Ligand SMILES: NC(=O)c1ccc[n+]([C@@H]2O[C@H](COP(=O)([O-])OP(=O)(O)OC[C@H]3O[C@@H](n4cnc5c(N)ncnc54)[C@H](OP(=O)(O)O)[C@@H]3O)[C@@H](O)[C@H]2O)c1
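Single chain ahead, by itself, as structure tokens, in the form predicted on its own.
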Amino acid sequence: MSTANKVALVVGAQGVIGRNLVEHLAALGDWDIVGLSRRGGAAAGRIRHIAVDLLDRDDCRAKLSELRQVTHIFYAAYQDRPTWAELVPPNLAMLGNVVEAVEPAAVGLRHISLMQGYKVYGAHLGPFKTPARETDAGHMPPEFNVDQQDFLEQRRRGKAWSWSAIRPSVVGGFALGNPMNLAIVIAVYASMSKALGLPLRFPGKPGAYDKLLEMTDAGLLAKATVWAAIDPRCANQAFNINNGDLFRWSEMWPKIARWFDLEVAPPLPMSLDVVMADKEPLWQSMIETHDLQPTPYRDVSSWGFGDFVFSWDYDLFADGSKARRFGFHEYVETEAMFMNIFADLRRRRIIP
């Protein structure tokens, strides 16, 4: 590593959020970057990767306690579990293992950025107050996002570093093997519909097709995350980060279909996790027919997450004005975000 003034530790560096954050930090040119993930990665320029099991406290101490130059921790790791209660122990433990290993060694630590989401507002439980605001009252636990923030607030008492909590909506960007990647769900679902000679049907709940929702572009999120980490005004604050526009699937779905040269048929409620479970042979035949990258089906099939998002038969959006009041004015048009992601997947030969 060089002797750059700022050294970022990106936790969860291979996910859709972490990958884009690493790329943004590298493009800024004045950061050294250490990426943490289970898989690790190849070093490039001022970026190096460490493969670590975040759930293993001893592994974290052995591999992270020598990171003395870290100035900023960007935490974007996540472990999926079947129930909301089961999410708490592993996700709280991973954050604790990282901070407890790095903080004592990194005497110049300035900031810890925590990636959260609208679960803080109960968005995953059912209809909630919209637009959600950072000052909204909490909800009945369990909720690991809240527990993680509580951990940081207590840990920083008497310390020189500050924290920020970043709350995006559903994040759109490129990453494979990610349990929460809606854009790839849609792209693969549409590509398979085309391969089978079928129109594109919205598979969600009947009431979800015309509700208002929003998304957060991964590149926009990376910019906002770094902004909040280095702007002194943002110390110990939470921010909703979204694209800045709202949409309904009833408007967006036909536009997506046109991009894939598909007709649209009326919505038909179905569980993608069920109906796509037998489609691995079709995926393999598409790879061979179109000379695609040999991407394992498990890495492109986040069907359960698709079902989760398409089940929202209630409005889902938050007020992003606090970030603007504090000085962040970037925005992304959600339709353009979708089309850019699809084009990127095609360029990478992930989809035909």
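In this text, residue numbers run from 1 along the sequence as written. From a predicted model like this one, the values you see are computed outputs, not experimental measurements.
A second form of this protein, the form predicted together with the named molecule, is not displayed here; the remarks below concern that form.
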Is Pro179 part of the interface with the named molecule in the model of the complex - any heavy atom within 4.5 Å?
yes
4.5 Å heavy atom contact, Thr334 to the named molecule in the model of the complex:
no
Check Leu54 for me: does it contact the named molecule in the model of the complex (non-hydrogen atoms, 4.5 angstroms)?
yes
Considering non-hydrogen atoms and a 4.5 Å limit, does the named molecule approach Met115 in the model of the complex?
yes
Within 4.5 Å of the named molecule in the model of the complex, do we find a heavy atom from each of Ile17, Ala77 and Met94?
yes
Exactly one of Ala238, Val171, Ala257, Ala132 comes within 4.5 Å of the named molecule in the model of the complex through a heavy atom, and that residue is Val171
Can you pick the one in Arg68, His290, Arg38, Arg325 that has a heavy atom within 4.5 Å of the named molecule in the model of the complex?
Arg38
Can you tell me which of 38-46, 316-324, 25-33, 290-298 lies within 4.5 Å of the named molecule in the model of the complex, counting heavy atoms only?
38-46
Mind listing which residues of 285-321 have a heavy atom within 4.5 Å of the named molecule in the model of the complex?
Phe305
